[in-house]
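Only one chain is shown below, in structure tokens, and it's the form predicted alone.
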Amino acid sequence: MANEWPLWEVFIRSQHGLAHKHVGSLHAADPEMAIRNARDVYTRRNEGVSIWAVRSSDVVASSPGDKEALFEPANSKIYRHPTFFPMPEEVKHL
């Protein structure tokens, strides 16, 4: 529909988290409305400390069909794995 508000992807950072997590989508006319609506819909119990709202049309994502081309080359680079580096005896519980 031509008169439909844009779709926004909503990410919430919880009080005990360090990262924002995708919680859902909603329609809103502008960024301010997207944040207000996200607060009302996704943080009813005061569980969030930060809200991100991103227009769905601005999100760029890979396709599951591209998985092999994107992630397989890393498997041949053993230096990217933590087992490649020796750990000093002084370092515990890492």
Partner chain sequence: MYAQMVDTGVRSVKGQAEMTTEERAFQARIDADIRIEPKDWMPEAYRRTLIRQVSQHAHSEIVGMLPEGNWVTRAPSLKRKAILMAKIQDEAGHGLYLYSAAETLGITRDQMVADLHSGKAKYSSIFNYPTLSWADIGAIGWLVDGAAIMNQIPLCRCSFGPYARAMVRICKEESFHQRQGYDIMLSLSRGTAEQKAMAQDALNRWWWPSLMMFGPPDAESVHSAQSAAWKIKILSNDELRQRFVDQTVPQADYLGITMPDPDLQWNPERNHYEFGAIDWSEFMEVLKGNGPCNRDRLATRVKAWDDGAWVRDAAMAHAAKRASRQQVA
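Note that this is a predicted model, so its numbers are computed, not measured. Numbering follows the first chain given and starts at 1.
What comes next is about the form predicted in complex with the partner chain, which does not appear here.
- Heavy atoms of Val54 never reach within 4.5 Å of the partner chain in the model of the complex, leaving it off the interface.
- In the model of the complex, the partner chain lies within 4.5 Å of some heavy atom of Glu32.
- Mapping the unseen interface onto this chain, Val49 falls outside it, with no heavy atom inside 4.5 Å of the partner chain in the model of the complex.
- Within this chain, Glu4 lines the site of the partner chain in the model of the complex, having a heavy atom no more than 4.5 Å away.
- Counting a residue when any of its non-hydrogen atoms is within 4.5 Å of the partner chain in the model of the complex, the hits in 43 to 61 run Arg44, Arg45, Glu47, Ala61.
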